[in-house]
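The chain below stands alone, shown as structure tokens; this is the form predicted alone.
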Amino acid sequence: MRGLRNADMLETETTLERILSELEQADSLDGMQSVSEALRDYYDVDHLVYHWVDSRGDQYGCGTYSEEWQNKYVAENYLRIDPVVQGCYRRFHPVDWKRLDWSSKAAREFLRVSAEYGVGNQGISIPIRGPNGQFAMFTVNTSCDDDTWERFSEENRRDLILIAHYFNEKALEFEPERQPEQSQSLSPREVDAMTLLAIGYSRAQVANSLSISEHTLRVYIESARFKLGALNTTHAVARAMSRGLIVI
């Protein structure tokens, strides 16, 4: 599984930039499918999947799960018991599969069957909520031990969140009659706040670094979120990064 190391950093950054450029230029589901396969290989994981429900309720997807597993999932109506889907519906932040509740008999059976179809024992899913009721999930899945997975998650979590929102921005382009978004600039203080949040500071640490109260910080964050059309702080940070409004 991929982690950036010394002399490899320039090469891997160039590879990732090329793949994301392909995503930006994609004009069909086939294009997004090719990018999902390239990212799976880049991160050296078993599967990478993006699935969304648009404002009309139509479902789309791209990814590397086998067709047999996709058909099995639909035929058995696993959507109603899948702890990953249920967990993502209730959360806004990335969901590590190990932290979900797999204690029920149905969930354990689902996990056993999914393994037979090549689904790995480790995973992280990023829930995304877009305009007009759109809901999406971006998932990276693989088989490895807990220590290896923890290192992978720590090294790549921030990039995966950003990539998830890149996928979602591209998916929204395929929505019929979608109005183009108007980009608004952030104030210097909003840029400072978003930048510090992006590099992992807590709200208390951000407020302390900027010598402001947490109440004032909340005002900056909410203002930036509104300008970016984001549903939460993580989404706002991802959008600010993807649009080049902040750089880390």
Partner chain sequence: MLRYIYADQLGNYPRLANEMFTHRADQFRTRLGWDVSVDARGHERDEYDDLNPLYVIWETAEGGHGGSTRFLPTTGPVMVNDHFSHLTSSPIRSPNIWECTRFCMAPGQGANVAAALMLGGGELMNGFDVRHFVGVFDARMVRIYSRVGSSPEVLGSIGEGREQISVGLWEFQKEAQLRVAQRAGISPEISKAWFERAFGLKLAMEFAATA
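The term rigid core refers to the maximal set of C-alpha atoms that superpose within 1.5 Å between the two forms. Numbering follows the first chain given and starts at 1. Everything quoted here is computed from the prediction, not taken from an experiment.
Keep in mind that the form predicted together with the partner chain is not shown, yet the notes after this line are about it.
Exercise. Does every residue of 46, 228 and 242 put a non-hydrogen atom within 4.5 angstroms of the partner chain in the predicted complex?
Worked result: Verified in the predicted complex; spot residues all out of contact, no.
For this session: Go through 100, 85, 107, 144 and name the one with a heavy atom inside 4.5 Å of the partner chain in the predicted complex.
Result: Of the candidates 100, 85, 107, 144, 100 is the one lying within 4.5 Å of the partner chain in the predicted complex.
For this session: Counting only non-hydrogen atoms, choose the one of 135 to 143, 85 to 93, 111 to 119, 70 to 78 that falls within 4.5 Å of the partner chain in the predicted complex.
Result: Residues of 85 to 93 come within 4.5 Å of the partner.
For this session: Indicate whether the partner chain has at least one heavy atom within 4.5 Å of a heavy atom of residue 171 in the predicted complex.
Result: Heavy-atom contact with the partner chain at 4.5 Å: absent for residue 171.
Exercise. Is residue 223 close enough to the partner chain in the predicted complex to count, meaning some heavy atom within 4.5 Å?
Worked result: The answer is yes: residue 223 has a heavy atom within 4.5 Å of the partner chain.
For this session: May I ask you to state whether residue 216 is within 4.5 Å of the partner chain in the predicted complex, using heavy atom distances?
Result: Although the partner chain is absent here, residue 216 would touch it in the predicted complex, with heavy atoms inside 4.5 Å.
For this session: Report yes if any heavy atom of residue 66 sits within 4.5 Å of a heavy atom of the partner chain in the predicted complex; otherwise report no.
Result: Residue 66: no, not in contact with the partner chain in the predicted complex.
Problem set entry | Partner contacts in the predicted complex for 145 to 171 (non-hydrogen atom within 4.5 angstroms of the partner chain) | Heavy-atom contacts within 4.5 Å come from 146, 157, 158, 161, 162, 165, 169.
Problem set entry | Rigid core fit then residue 46 CA moved by 2 Å or more between the shown form and the other one | For residue 46, whose C-alpha is compared between the shown form and the other one after core superposition, the shift is less than 2 Å.
Exercise. Quick one: core overlaid, is residue 220 moving 2 Å or more at the Cα between the shown form and the other one?
Worked result: Result for residue 220: yes, a 2 Å-plus shift.
Exercise. If we fit on the core, is the Cα of residue 230 displaced 2 Å or more between the shown form and the other one?
Worked result: Result for residue 230: yes, a 2 Å-plus shift.
Exercise. How does the C-alpha distance between residue 169 and residue 229 change in the predicted complex compared with the present structure, closer or farther, given a change of 3 angstroms or more?
Worked result: Relative to the shown form, the pair is closer.
Exercise. Given that the distance between the C-alpha atoms of residue 231 and residue 157 changes by 3 Å or more in the predicted complex, do they end up closer or farther than here?
Worked result: Compared with the form shown here, the C-alpha atoms of residue 231 and residue 157 sit closer together in the predicted complex, by 3 Å or more.
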